[in-house]
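Take a look at this single chain in structure tokens; it is the form predicted on its own.
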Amino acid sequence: MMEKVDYGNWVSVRFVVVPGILGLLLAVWAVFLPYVGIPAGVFSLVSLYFLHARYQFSPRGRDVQARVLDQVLTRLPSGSEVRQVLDIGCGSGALSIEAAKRYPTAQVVGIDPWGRGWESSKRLCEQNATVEGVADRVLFVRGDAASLPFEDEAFDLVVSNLVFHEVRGVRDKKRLVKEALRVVKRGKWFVFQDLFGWRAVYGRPDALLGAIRSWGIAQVELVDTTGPARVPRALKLPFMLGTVSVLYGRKNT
């Protein structure tokens, strides 16, 4: 039997379990305090929503996770000029590994803080790369998207998928985009997917593009990727996938 690749699920189990337990506890209290039934119902609905979302993201559901990732992959540049790739916020390594498969002569670096128990997360990435046959060309390191441990213009291609909005301690998320662009070589490429349409996080899309162009990036596009074929209606809340877009382009020479 072939070993399976474990890329996990973008909806954490705790989003299902924690509100579910709270809802159950409050439902018990509601027997004695009827007004507690309202928050009990709210927590239960939240738990059910994230359970449904987790199913939709999984291969057993609509495999939304793969569909969304594909929006990055379809915008990667073609050709043999890509030698060094950086994946910011690599998670369990899916995008890093796909980039290595797309560019068979490239070296790929996946960087992620991973949080508590990060060593096991890093090992999972390495195991996935081994299963996919690219372990010799993919390096996984721990690091912060707000302060990348790389020199200016170190990579031919920099990618990221649904990461920037989750970086804590950085109020202006445009700073993360600017930091990512810092390590792109002149004349080379970037493809970032995030909740760029969420105005509470990024402001107006035209303002975001204006800021990027003011940094000297003339070739840049922002494309909404929330089409019905990719994102089910239930997942189109702003904090889920309702504002997801791909920001891609090429750095000036």
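The first residue of the shown sequence is 1; numbering continues from there. Keep in mind that this is a model prediction, so the values were computed, not measured.
Keep in mind that the form predicted together with a small molecule is missing from the display, and what follows is about it.
At a distance threshold of 4.5 angstroms between non-hydrogen atoms, Leu69 is in contact with the small molecule in the predicted bound form. For the chain shown alone, Asn128 is not a contact residue for the small molecule in the predicted bound form, no non-hydrogen atom being within 4.5 angstroms. Interface membership of Glu166, defined by any non-hydrogen atom within 4.5 Å of the small molecule in the predicted bound form, is confirmed.
Remark: Gly143 counts among the residues lining the small molecule in the predicted bound form, judged by a heavy atom distance of 4.5 Å or less. Heavy atoms within 4.5 Å of the small molecule in the predicted bound form map, among the stretches 130-138, 179-187, 73-81, 105-113, onto 105-113 alone.
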